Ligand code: NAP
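The data below hold one chain only, encoded as structure tokens and taken in the form predicted alone.
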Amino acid sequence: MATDEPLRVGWIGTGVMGAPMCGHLLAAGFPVKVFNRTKERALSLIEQGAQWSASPAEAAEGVDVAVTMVGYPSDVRAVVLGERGVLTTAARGTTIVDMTTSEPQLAKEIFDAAAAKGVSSLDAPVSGGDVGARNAALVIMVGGREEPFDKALPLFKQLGKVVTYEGGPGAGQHTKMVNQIAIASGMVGVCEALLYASRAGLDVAKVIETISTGAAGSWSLTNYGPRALKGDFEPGFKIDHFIKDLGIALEEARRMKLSLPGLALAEQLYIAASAQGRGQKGTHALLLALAQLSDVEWKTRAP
């Protein structure tokens, strides 16, 4: 392939974040083969010019970079290492990029399995939710070798506003765990603060505007506060997926003999929210779970 030709991409996973991310690559002129377990969720990308593939293996055949953006570590294992996975057809010199938030140990396992076939592997989880995915403003944290990182950089630049090489295999996933640990307790604080403001009879929109400019300001408050106020709890990132991330972080913390009580508490609160039937809602729907625990009603305001 001539150096001035765009990278040929195989894209696996067209969910809330995967679909707009893949769409950015198509808009930028990258040839894309796409696979998703449910073809209907890939139709908009096919209409934009993506070539449909019947399996991850088919999506990875004849491409330069195969990207996976799926839900859980078990999904990553299936689409990369499984019977019809990416590694069954990826040619020598191909780079696999897993952008799922997954287990650092699995990232290392994939790295070793890929290397045995002359294939490179990067773990490149992202932060920014559906807003970041739609606006190509994600933060991308990458682990693996530097050479394939440089190769995949043109793709990353179409998807994110910050792209950082973090170190060897698993370093991207470890960095994402740091991100999730920082977010977890912060999201609990945001939800508790909004519930308090509402219960105190304050103008919650005005409170959000006021405190977001000071030390209490955060991405979660700015982006999820207004959504909650409008009663919009649809997922930018699902509670059940967040529980998965927090579980990975806690398992890694145990392995490293770290005590992270704030993280453990956040996990328990999110498990309670999922048990209430809110697992498919956005992480800010924790506010509704906390309201239910206090037997109060969260009052929304029309947009």
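Keep in mind that this is a model prediction, so the values were computed, not measured. The first residue of the sequence shown is number 1, and the count goes up from there.
Omitted from view is the form predicted in complex with the ligand, to which the following refers.
Under a 4.5 angstroms non-hydrogen atom cutoff, the ligand in the predicted complex has G236 among its neighbouring residues. Using a 4.5 Å cutoff between non-hydrogen atoms, G71 counts as a contact of the ligand in the predicted complex. Remark: V9 does not count among the residues lining the ligand in the predicted complex, judged by a heavy atom distance of 4.5 Å or less. Of the heavy atoms in K244, some are within 4.5 Å of the ligand in the predicted complex. Only one segment in the set 57-65, 257-265, 270-278, 37-45 has any non-hydrogen atom within 4.5 angstroms of the ligand in the predicted complex, and it is 37-45.
D130 is the sole member of E109, D130, E103, E166 with a non-hydrogen atom within 4.5 Å of the ligand in the predicted complex. Of the candidates V126, C191, L122, A228, V126 is the one whose heavy atoms come within 4.5 Å of the ligand in the predicted complex; the others do not. In this stretch, 167-202, the one residue having a heavy atom within 4.5 Å of the ligand in the predicted complex is K176; the partner itself is omitted from this view.
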